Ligand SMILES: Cc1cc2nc3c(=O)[nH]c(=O)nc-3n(C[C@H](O)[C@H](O)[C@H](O)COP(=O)(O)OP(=O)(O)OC[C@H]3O[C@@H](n4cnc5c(N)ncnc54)[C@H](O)[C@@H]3O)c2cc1C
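The chain below stands alone, shown as structure tokens; this is the form predicted alone.
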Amino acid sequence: MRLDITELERGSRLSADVCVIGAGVAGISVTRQLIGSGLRVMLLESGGADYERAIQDLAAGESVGLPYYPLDETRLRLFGGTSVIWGGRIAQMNPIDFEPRT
């Protein structure tokens, strides 16, 4: 079921056993794995189905450390997240990425 929070009656409450924040690739993947587990799962996304500048402005911020692109251009707030602009660039995994770490 999909709900738009702006259409809920004031004072409404939503509840779940697990709440996943962000409907990007990771959030959608985790949610799909949990569906059917017997847990009540909720996936929250701050954006809608399409890009909205006013919502995207919430991603503005300062990145410290190594130089990086502006956050509001690289962290998209909409269903699908930043995957909607990937263009096929994915980093290759290394064996250490699959090892337990502290």
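As the structure is a prediction and not an experimental result, all values here were calculated from the model. A residue's number is simply how far along the shown sequence it sits, counting from 1.
Although it is not shown, the form predicted in complex with the named molecule is what the next lines describe.
At the 4.5 Å threshold, heavy atoms of G11 stay clear of the named molecule in the predicted bound form, well away from it.
For T74, a non-hydrogen atom is located within 4.5 Å of the named molecule in the predicted bound form, even though that partner is not displayed. None of the heavy atoms of T31 is located within 4.5 Å of the named molecule in the predicted bound form.
In the predicted bound form, I85 approaches the named molecule with a heavy atom inside 4.5 Å. With contact defined as any non-hydrogen atom lying within 4.5 angstroms of the named molecule in the predicted bound form, the contacting residues in 1-28 are I21, G22, A23, G24, V25, A26, G27, given in sequence order.
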